[in-house]
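Two forms of the same protein chain are encoded below as C-alpha cells; each is given separately, as structure 1 and structure 2.
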Structure 1
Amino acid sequence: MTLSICLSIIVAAAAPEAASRESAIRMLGSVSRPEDAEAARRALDAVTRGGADGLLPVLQGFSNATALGTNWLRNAFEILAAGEQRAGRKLPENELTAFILETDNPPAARRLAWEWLVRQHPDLKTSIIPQLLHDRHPDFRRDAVALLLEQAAAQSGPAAVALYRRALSGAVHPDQVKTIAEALAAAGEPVRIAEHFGFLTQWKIVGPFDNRDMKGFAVPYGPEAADGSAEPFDADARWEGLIGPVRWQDISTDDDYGLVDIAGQIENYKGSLMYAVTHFGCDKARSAELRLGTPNAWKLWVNGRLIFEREEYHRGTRMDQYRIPVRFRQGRNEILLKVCQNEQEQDWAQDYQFQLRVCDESGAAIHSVQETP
C-alpha cells in the first residue's frame, strides 16, 4: 500500500483522535521520497490539529524518522508551538524540560524543543545548560562551554583556571578549545590539543606507489588485497614501489590538529599514493566515529574491511571533513588509510596530507587504551 493511500485511510478513519495522530506521526516520519510531499502535507494537517497535546508525540517521532521525515516532523512541531504562542498559551515547560534532559531521546528533537522553550523562558539557560556540558549533542556542549567561559572571564587566578579546565572537559568545537588553550597556557597550564581531540599522531607509512594518470586509486598495491579488503599489517613486508623497493617506516606528527604532512615530512611524489597504518585499542567493543580531513583521494579500512572511500582531488580540506561511523572490536583494531596524490602542478594542488581522529557522536575524543605502535 502506498504512503498516499495509507494517509488517506488515517485521515478519513473514525479512529480516536490520539490514535489517528500517532499513526499520522509515524507516517510523517517515514517520508523518504520527494514524490510523497502531497501525502505528507495531509499527514501534517492530521498531526497539527490537536494543539499542545501533539508536541511531545511529534518529538518522540524523531526516533525512527528518515532524513526527509525529520524535516516534516520539525515542521509539525514548529506549527504546533507557534500556534500555542499566537494563542497566548505557554509551552509545557516541565514536559519539554524532562524531554531535553533525557539524553537517550533523539538529539535533533531535544535541540528543537530547547530552541522553542528557551524563547519562552530565557532564564532556563542558567539552570538547564550547565547540566549538558558532556551531552551527546555538540550544540548543547557549545552552549555549556560558552557559559563557563563567561564565568571564567569574570574570575582570575585559580578560580578562573578551574572554570577553564571544566569548560575544556566538554569542549568539542575548535574555536572554543583554542580560546581555552590560550587562557590556560597564559596561566602556565598548556593544553595538548591533539590529545584533547583524539587525533591519531603515530603511524607507519609505505610508498610511494604508482598513481600516474590517477589509475592507482583502483589498484590493490601491497597492503591492499585483490578483493578490496586490507591485508593484515606485516612490519617486515617489502614491495616494489613507484621509484624502487618500499617498506614501512615510522611517521608521526606534533601538530596541534594531528596533521600528517606527507609532502613536508617525506616528499610530494606527484602521481603517487601512500598507505598509512596505525592501531587503536578498546577495552570493549564499541561504536565510534573516525573523522578525517584530507585534500587527497582516499580509502579507509578498519580491521581489514573497507568502510569508506572518496576519489576526489584538491577540493579543500578541513577538520572533521568526513565523518565515518565505525564499530571497534575489543582489543587491538587496525586502521589503514590509502592517500592518493595526482599530477597537478598548481600551487593549490600540492597538499599531500591527512588528519584522522577517533571520537563519539558529539565530537568528544575517544582514546586508545593501548600504546600505538
Structure 2
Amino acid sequence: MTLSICLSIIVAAAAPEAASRESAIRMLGSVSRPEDAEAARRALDAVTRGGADGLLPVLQGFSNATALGTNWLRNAFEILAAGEQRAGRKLPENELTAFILETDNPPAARRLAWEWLVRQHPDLKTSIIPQLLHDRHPDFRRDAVALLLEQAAAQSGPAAVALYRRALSGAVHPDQVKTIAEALAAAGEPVRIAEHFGFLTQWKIVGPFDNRDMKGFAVPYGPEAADGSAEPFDADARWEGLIGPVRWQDISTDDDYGLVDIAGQIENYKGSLMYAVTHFGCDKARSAELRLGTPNAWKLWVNGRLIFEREEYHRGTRMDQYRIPVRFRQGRNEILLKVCQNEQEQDWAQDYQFQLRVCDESGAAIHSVQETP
C-alpha cells in the first residue's frame, strides 16, 4: 500500500470524527438555556474524547459563542489541556502563539490560550505581551502596561516619559492610569484623565422632581414618555417640579473621573430625582459600552429607548459600576439618565451623583466626534 493510499484512508476515517467534533463545538458555543445542558454534556464528552488536536478547534469555537457557551468551551479546553499535561506532553506552542497573535480571534479564547501557554513557557511573556498593548482583551493590555511601567521605572528623563506615554496609550485600568498620570505630572506633562477614560463631562440637567417615598422612580415626568420611552430633547421645555417650575440647565464637571455631583453642584434634594441629557456623535453606527457609576436609583435611555433601569439606593458606588452594552447610530445619539435620591438620613446615604463614560469592550475610551449638550 502506498503512502498516499494510507493517508487517504486515515483522512477518510478522521473526517467524520472531525465533523462530529466541529458540530459538538458549535453546540457548546451555542448554549443559552438550562434546557441545553443535556446536549452540552454529550457534546463536552465528544469534544474531550480527542487529544491535543481538539485544542485549536475549541478555541476557534469561541467566535460568536454565547456567554454560557464560552464557559462550556473553556471547560472543554481545560480538560483537554490538563490531559496533555498529565500525559507529559507539551501544548502546541507555535499554533497557540499564532492564535494569540491573530487579533481577529476571539479575545477570551486568545487569553485562555495565553494563560496555558505562559505556564509552559514563561519566557514568551517578553516577546508576546508587548505586542498586545492595544488589545481587545483588557488583561493583555494590563500585562503590556505593567511591562512598560517596569521599564519606565528603570529609566529617567525623556526616556521614562516616552515609556509612560506609551503605557498610557494602552492603559484601561484606573490603578495603572493613576500611576502613569502621577509620573507624567511629576515630569510636567499632566494627563487629562477624564478624557482618557471617555467620561461625558458636559450635560444638561433638569429637576428636582418628586421622589418622596421613592415613588418617582416609576413616574414618567416630562422628559419621559408614558410608554416608557424618552421624549426627544427639547431645550425649551418647562415642567412643574418638586419645588416649582424647572427647565434644562447646563452642568459640567472637571472631575478626573467625570463625577457630576448633584448634591454638591446643585443641592441634595431629599426624595427627589433629576434628569440629565447629553449627546454623543458617531461617524458610523457602532457597538459600545456605557459604563455608569452611581449610588442612586437610575434609568437610562439611548435615542429614546429605555436601555436599563435599576432601583437600588446607596449600596456603594465606583467607576464602571454598571456596564451597559449599547448600539449607537451614525450621527447624533441622545443619552438620557434619570437619577433618583431617596430620603435615607444616614451619613453614608447622602451622595447624589453619577459618572458615565463611553468605551469599547476593553474599557478603552470611545470619544464623541461631536459632543454637544
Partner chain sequence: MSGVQSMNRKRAAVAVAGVLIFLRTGSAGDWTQFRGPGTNSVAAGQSLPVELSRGAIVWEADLPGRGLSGPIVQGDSVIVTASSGYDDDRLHILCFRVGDGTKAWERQFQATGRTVTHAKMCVATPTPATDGERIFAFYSSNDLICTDLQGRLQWYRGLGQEYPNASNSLGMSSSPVVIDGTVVVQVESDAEAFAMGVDAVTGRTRWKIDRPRRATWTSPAILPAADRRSAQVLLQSSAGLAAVDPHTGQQQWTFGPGASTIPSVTVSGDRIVVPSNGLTVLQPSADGTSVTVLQKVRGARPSTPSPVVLGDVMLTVNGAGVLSANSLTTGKRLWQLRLRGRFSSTPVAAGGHLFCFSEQGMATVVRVTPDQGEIVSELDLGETILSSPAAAGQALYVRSDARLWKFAESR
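The term rigid core refers to the maximal set of C-alpha atoms that superpose within 1.5 Å between the two forms. Each residue is numbered by where it sits in the sequence of structure 1, with counting from 1. Model, not experiment: these values are computed from the prediction.
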Is the form predicted together with its partner chain structure 1 or structure 2?
-> 2
Selected hinge residue, Asn94, Glu311, Arg238, His121 [rigid parts, motion between the two structures] = His121
In whole degrees, what is the turn of the smaller rigid part against the larger between the two structures?
-> 10
For Asn64, CA displacement between the two structures after the core is overlaid, in Å | 4.4
